[in-house]
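Single chain ahead, written as structure tokens, the form predicted on its own.
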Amino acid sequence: MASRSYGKGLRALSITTVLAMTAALALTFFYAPLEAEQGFLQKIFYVHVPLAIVALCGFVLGGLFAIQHLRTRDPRWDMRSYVAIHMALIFGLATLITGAIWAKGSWGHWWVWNEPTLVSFLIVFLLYATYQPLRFAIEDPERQARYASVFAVTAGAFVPLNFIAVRMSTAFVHPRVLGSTSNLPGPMRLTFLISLAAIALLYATLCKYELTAKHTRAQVRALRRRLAGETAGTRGRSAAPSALPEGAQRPGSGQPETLAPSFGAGSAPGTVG
């Protein structure tokens, strides 16, 4: 029942994501005009910038889920926090790759260290790259979830502070797409917004797929443990009477021995995820 609730609406979300991605690609290649200076290369902007925005929002979302876990101790919030950060790391890596391609075409270098937007995003990415090693270095599940949540909250608070610091700096190479100083013409702005929505839908769909898969695996493991326990209990019950031959009597007893049913430890009803 729980796994079906995790996967509820997944098909509709997937179809919507495919349609949005198709529309975004069509607008990028056939509707948005070429930029005067960079030409066709500028079209990577419609992928690179939405990836960066969604990745940063994913890191913050992981921190919000972690706050809920610390408040409620519900492991489902910890799982959501983990998935949100894990997927944001993937989108962050895609951001760095597309940014390097764009930098090579525009500036002739794969990386420019004096560009604050690139460097600040790299710092955030490297910070979150330590999340999984820190998490899985702790064996106890409760401590692992608690420490990971504290990390997610602390790092999540750093993301907007880092963004504000970059916006207040003096050197701007990247355009302020969502600011009042944006000079994007109408077709470019529309294409960017559709691309941003498509990338956000892609992030949500992949997170939902991963959550559903993880929850289903957890249920399968719980069912296997329960089945193994019931099998062990059944074998214990069937083997116990064999220790005394049928019709045998204990010394000093005039009646045949009767044994009460003995339930193994694993035969008690289990709780599935």
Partner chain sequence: MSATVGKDAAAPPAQRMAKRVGLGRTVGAVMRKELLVELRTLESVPAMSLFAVTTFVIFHFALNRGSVEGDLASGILWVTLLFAAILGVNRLFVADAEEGGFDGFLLAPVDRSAMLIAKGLTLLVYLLALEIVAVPAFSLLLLGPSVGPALGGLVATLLLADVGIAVIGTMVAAMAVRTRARDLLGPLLSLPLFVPIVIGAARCTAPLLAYAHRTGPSGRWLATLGVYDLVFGLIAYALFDFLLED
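Residue numbers count along the first chain shown, from 1. Not measured: the values here are computed from a predicted model.
The same protein also has a form predicted together with its partner chain, omitted here; what follows describes it.
Task: Location of its partner chain contact in the model of the complex, chosen stretch of 188-196, 124-132, 85-93, 101-109 [non-hydrogen atom, 4.5 Å] - done: Within 4.5 Å of the partner lies stretch 124-132.
Open item on the list: Using a 4.5 Å heavy atom cut-off, which residue among Val153, Leu184, Met79, Leu201 comes into contact with its partner chain in the model of the complex?
Closed with: In short, Val153.
TODO: Answer for Ile97 alone: is it within 4.5 Å of its partner chain in the model of the complex, judged on heavy atom distances?
DONE: Although its partner chain is absent here, Ile97 would stay clear of it in the model of the complex, with no heavy atoms inside 4.5 Å.
Task: Distance check, Asn162 to its partner chain in the model of the complex, heavy atom within 4.5 Å - done: Asn162: contacts its partner chain in the model of the complex.
Task: Leu70, heavy atom within 4.5 angstroms of its partner chain in the model of the complex - done: Within the cut-off, so yes.
Task: All of Ile15, Leu25 and Phe40 with a heavy atom within 4.5 Å of its partner chain in the model of the complex - done: Result no, not one residue of the spot touches its partner chain.
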